[in-house]
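Just the one chain here, laid out as structure tokens, in the form predicted on its own.
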């Protein structure tokens, strides 16, 4: 019990220290190159955490979440354009509306998609993503088509340019982690894990599987849509092939699998490892797209060597070490009386 309490205290202390470092990062290293990497890393922490609420907890693997990302981005851009919202901090206040619109879309998509399972569900989500991409390209009067959609350009610049977007991404990532933590420790979360283990048995014992799956799907998509909205405002100009990009969805999945599917810290760890490495390769070898080779290599390595991810594998390793070095293992055996 004492060791468990010490471990919990150490975990809480570590979280506080990491959060303090995240808050102070723009002041510690304000140069644009570092803060740009920080913005995208924080973005993918939020995206991977959001995806994990659906894919990690229910076991339903969606490869179409990039559609929600792009939809949220276009929704915010169209809201700002039609309402005449000027650049500055005000557009951030409309990000929840982009999330709300994405939730409505996810409710409609999930109502039909979640009638399927396994590979069929994966195919349906991919088809949905490409449908959204085609709509964004062909609805020229609404989205601008291949010419793209512009956002208002913020008035700030210099070393400070990335800072507001970084804190917006940090806020959304923190929100996602808080929701994920709350779900993981609730009756709802237990129901999602039961669905992942055996959906038919979960249904037999009274878990409302359809409602639980749909709720997780909508929550996950809402977070992704809000992050997509902030991304659109950050880059100030969006195109269908870049915001409804299959690579964005694959990146979420890979980061979760690398860190640990169905864990809280796994998506964070996966994003912290993969996104800075991907950005470094893109900056240095972007023309050759070698970072795509890295993604393929990491994916194969995870599947072959760490099928459960880094966090579950480390937890299992620590538990084995404790079992070998615990009191029962080290205590001398008592002599048996003749």
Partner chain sequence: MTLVLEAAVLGVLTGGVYALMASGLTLIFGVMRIINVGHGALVVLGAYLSFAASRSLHIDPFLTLVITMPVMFLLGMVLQIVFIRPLKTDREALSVLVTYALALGIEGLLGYFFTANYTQLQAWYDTASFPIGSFRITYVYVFGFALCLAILAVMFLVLYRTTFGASIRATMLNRTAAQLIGIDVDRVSAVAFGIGMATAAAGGVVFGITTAFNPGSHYDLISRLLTIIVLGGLGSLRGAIVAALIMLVSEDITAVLISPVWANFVFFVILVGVLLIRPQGLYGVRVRDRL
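Residue numbers count along the first chain shown, from 1. None of the values given here were measured: they were computed from a predicted structure.
From this point on, the text means the form predicted together with its partner chain, which you will not see here.
Judged against its partner chain in the model of the complex with a 4.5 angstroms heavy atom cut-off, the residues 15, 167 and 235 are out of contact without exception. Proximity to its partner chain in the model of the complex, taken as a non-hydrogen atom within 4.5 angstroms, holds for one residue of 153, 142, 205, 118, which is 118. Contact annotation: of the candidates 195, 101, 124, 149, the single residue with a non-hydrogen atom within 4.5 angstroms of its partner chain in the model of the complex is 124.
Segments offered: 91 to 99, 105 to 113, 179 to 187, 75 to 83. Contacting its partner chain in the model of the complex at heavy atom distances within 4.5 Å is 105 to 113. Within this chain, residue 138 lines the site of its partner chain in the model of the complex, having a heavy atom no more than 4.5 Å away.
Among residues of the shown chain, residue 130 is one whose heavy atoms approach its partner chain to within 4.5 Å in the model of the complex. Its partner chain in the model of the complex is not approached by residue 273, whose heavy atoms all lie more than 4.5 angstroms from it. Interface membership of residue 253, defined by any non-hydrogen atom within 4.5 Å of its partner chain in the model of the complex, is confirmed.
Of the residues in 294 to 312, those that come within 4.5 Å of its partner chain in the model of the complex through at least one heavy atom are, in sequence order, 295, 296, 299, 300, 303, 304, 307.
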